Ligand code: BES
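Just the one chain here, laid out as structure tokens, in the form predicted alone.
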Amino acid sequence: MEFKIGAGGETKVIFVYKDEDLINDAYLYAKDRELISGKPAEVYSAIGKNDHVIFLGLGDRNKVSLEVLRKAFHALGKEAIKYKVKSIAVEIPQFEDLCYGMTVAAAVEGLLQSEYSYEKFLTEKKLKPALEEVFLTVAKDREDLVTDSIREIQNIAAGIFTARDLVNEPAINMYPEVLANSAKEELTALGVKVEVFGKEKIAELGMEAFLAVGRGSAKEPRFIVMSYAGNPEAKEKIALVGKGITYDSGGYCLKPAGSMKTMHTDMAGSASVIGVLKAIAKSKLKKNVVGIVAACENMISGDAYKTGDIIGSMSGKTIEVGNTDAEGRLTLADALWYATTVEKADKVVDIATLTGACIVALGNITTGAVTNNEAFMKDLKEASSMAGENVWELPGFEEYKELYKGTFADLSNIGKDGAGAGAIIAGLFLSEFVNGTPWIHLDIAGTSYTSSEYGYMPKGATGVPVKTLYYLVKGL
């Protein structure tokens, strides 16, 4: 799909707003038959010998938001596929309280999102994109702004789609070595330095918690460090730490069969880190970012770790294993410590499909967050609002920290019996390993993968929160 500034296109797109009429015969025909009313993302096509028009609903003109635009243009893209429209013409208006560049970006993103589908293993493809050219008529003297906005959102979309592809890949093909190679393939050519540590180096670093989780698998763990130096003159650096469990059986605390079916997605945090680094590097942001992933499988074998085990960690803190299915926080403990002490990052965000409790609390619509720094959290909330990716901060009261204290070790990897608050306890457990660095934990257990389409999100991997992370890094 190619975006061009100026006139052209075989099919014209006309916006329809709620409670506003148009002087157009095709529109009046559709309105009289209640085929279109102007609701957001509502589409009616008048395509034939005489008409080449698609009417697109945007709702109340004074309430148009970036998310309304993304969803509406996603519906437009799907309509273009349905009618095999090859080119369209769109006039981008200026909406009150919306940045013009972001308005264009939202429209372009919606169209790009309409063409994503994971069909790698289908012998006959279901989605057949048709739209080749999009001609945009834009406000006077805004051509350069629009061109930059289009390029940037294309880069972000590339990162989102990479993250989705990695998460959708089945575990038989996606294991630690493959994930590490994927990071190299996606990032090295863009100027990102990718280092991969094997089992020997991981042990040398003292990552006992990480190694304990991976010891039950025949696939050896990999520790992946991805460094992007977009501003060598600056000292500030943010670390993005992604959970990289490429398959989670639950270990000896075995998951039910139904719950294991989608556990190839337990590395969605790592995929989002790779995806956002791709977007950042393609956009050449003048920021310094390091992505860190501790990748392994959580499996069962004669050598797998067990409940009741007491394990060490890179930080020196000891941990009682109360549940082998609470493994992600153990791998992240060592990854976070590495980020703050070896990489010496000034700020850290970890992204993890960490708890079912977060899904219970927030469903598949909102990512849960825990932080030790409200100013940093404010930055992330602003980024998530710009991205259209919902984030809700969970409380981090000191009393919760008492619930994961160990009996025979410093900490326990689960809360005390009957404590509840699973998403909060898991998040705060990670705070023990950030060495006082400003930190945010994002629990994407619900938002990274969906069982059905909604909005512009496809069935399967969503790529959340690549956009939020991109805007966070850009805005810092």
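Source: prediction; values computed, not measured. From 1 onward, residues are counted along the sequence shown.
Just so it is clear, the following notes concern the form predicted together with the named molecule, a form of the same protein that is not shown.
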| query | Taking N323, R329 and L354 as a possible spot, do all three reach the named molecule in the predicted complex with a heavy atom inside 4.5 Å? | reply | yes
| task | Please determine, with the chain shown alone, which of 154-162, 273-281, 227-235, 240-248 has non-hydrogen atoms within 4.5 Å of the named molecule in the predicted complex. | result | 240-248
| Does D266 make contact with the named molecule in the predicted complex, using a 4.5 Å heavy atom cut-off? | yes
| task | Answer with yes or no whether V53 is in contact with the named molecule in the predicted complex, where contact means some heavy atom within 4.5 Å. | result | no
| query | Can you check whether L442 is within 4.5 Å of the named molecule in the predicted complex, heavy atom basis? | reply | no
| field | Touches the named molecule in the predicted complex: K405 (any heavy atom, 4.5 Å) | value | no
| field | Listed residue (L127, I359, L145, L205) with a non-hydrogen atom within 4.5 angstroms of the named molecule in the predicted complex | value | I359
| query | Exactly one of L66, A41, A30, I414 has a non-hydrogen atom within 4.5 Å of the named molecule in the predicted complex; which residue is it? | reply | I414
